[in-house]
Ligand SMILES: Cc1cc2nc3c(=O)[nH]c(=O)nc-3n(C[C@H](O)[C@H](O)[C@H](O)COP(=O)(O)OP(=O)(O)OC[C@H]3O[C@@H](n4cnc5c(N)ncnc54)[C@H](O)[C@@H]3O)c2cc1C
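What follows is a single chain, given as structure tokens, in the form predicted alone.
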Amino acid sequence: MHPDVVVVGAGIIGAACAQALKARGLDVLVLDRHGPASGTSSAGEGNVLVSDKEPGPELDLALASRELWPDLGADAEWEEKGGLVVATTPEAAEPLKAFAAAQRAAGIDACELTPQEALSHEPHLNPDITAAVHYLQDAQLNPVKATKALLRGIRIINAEVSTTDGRSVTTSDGVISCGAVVNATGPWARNFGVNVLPRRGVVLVTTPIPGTIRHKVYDADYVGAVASGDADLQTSGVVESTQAGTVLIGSSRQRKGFDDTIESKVLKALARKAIALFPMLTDVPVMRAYGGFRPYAPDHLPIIGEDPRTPGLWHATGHEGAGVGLAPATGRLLAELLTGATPLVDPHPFRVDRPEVMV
């Protein structure tokens, strides 16, 4: 066995990289200690968002991915539901409008709504909101189904990788020689020499209430929580339904290593903020809660490219909570760089040799 490329990590990012490399005619082998979508990708909501990104390189990558996902996500419950971002206090209204204006200048379809217009989109929304912006490009899919669809026809071996020199990997089953290695291990990427840390998140799941909530709806303070580098617990109201009718409630962010304890204080904060957006959720039972670890990079940008310290070792990680949304463009960008093709976006902001991400 001597594949052209070994991709370590069978989550959504690893799958997208493998798919893009295979599409360019390369022989690809994927390694994962637990199998496809068994880590971070199984713990997300499946968001494909442009609404939470300020103009810049991450938004460029998100727009490129948004163009690619409709075809790639056809078998993964792809839904162009749109997003609704709302201000819940008078002080938050103007910053939300200013953020949306900057996004419109960058090509985002961000339509300002009055509170009354927002209620026509979401009749159960709290009528006390002070402003709203409708994002038509926001979408959702099933991340587990999407990961497995991207990996269709690609060899996968369940094995744990201990070391790599860029031209081979040492696994729990022996050494595999290859032409290149892609580190797509998400929050575990630090084991391969980049400064990525786990950032804990928890989601509540309600009993089904089909058709009640139509969009992804979140409080405008969510954008600040995403961009924050604070290690302490941060929560923001984020509410959306699945095709099965269950409602997913987030969002929490907390850096506490790989401690997977689900804390009651987090659950209470999420429920409280969800009810502030949709008071009718007060009487809807919660079936379960689950959590996962986002791959957090200190400068809040993904890491995509070859490691200058180890020729043949490539990284695709550090997407934090945006991995699903950024996956197709990440895979394509990495494949283009690895094969010498013209990249679809400027790769420089995502390079490995940034001071913040070199370990």
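Bear in mind the structure is a predicted one, so any value in this text is a computation, not a measurement. Numbers for residues come from their place in the sequence shown, where the first is 1.
Unshown form predicted in complex with the ligand; subsequent notes refer to it.
### Query
Among Val202, Val217, Ala110, Ile129, which has at least one heavy atom within 4.5 Å of the ligand in the model of the complex?
Here the answer is residue option Val202.
### Query
Though the ligand is not shown, can you say which of Glu117, Glu160, Glu263, Asp260 has a heavy atom within 4.5 Å of it in the model of the complex?
Result of the distance check: Glu160.
### Candidate stretches 120-128, 186-194, 278-286, 90-98 - the one whose heavy atoms come within 4.5 Å of the ligand in the model of the complex
It is the stretch 186-194.
### Query
Quick one: does Glu306 come within 4.5 Å of the ligand in the model of the complex, counting heavy atoms only?
No, Glu306 is distant from the partner.
### Query
Given that the partner is absent here, does Val357 sit within 4.5 Å of the ligand in the model of the complex, heavy atoms only?
Contact check for Val357: no, nothing within 4.5 Å of the ligand in the model of the complex.
### Message
Using a 4.5 angstroms cut-off on non-hydrogen atoms, would Gly323 count as touching the ligand in the model of the complex?
### Response
Close contact exists here: in the model of the complex, Gly323 approaches the ligand to within 4.5 Å, heavy atoms only.
### Query
Does the ligand get within 4.5 angstroms of any non-hydrogen atom of Arg33 in the model of the complex?
Yes - in the model of the complex, heavy atoms of Arg33 and the ligand come within 4.5 Å of each other.
### Query
Is any part of 28-57 within 4.5 angstroms of the ligand in the model of the complex by a non-hydrogen atom, and which residues would that be?
The stretch touches the partner through Leu31, Asp32, Arg33, His34, Gly35, Ser38, Gly39, Thr40, Ser41, Ala43, Gly44, Glu45, Gly46, Asn47.
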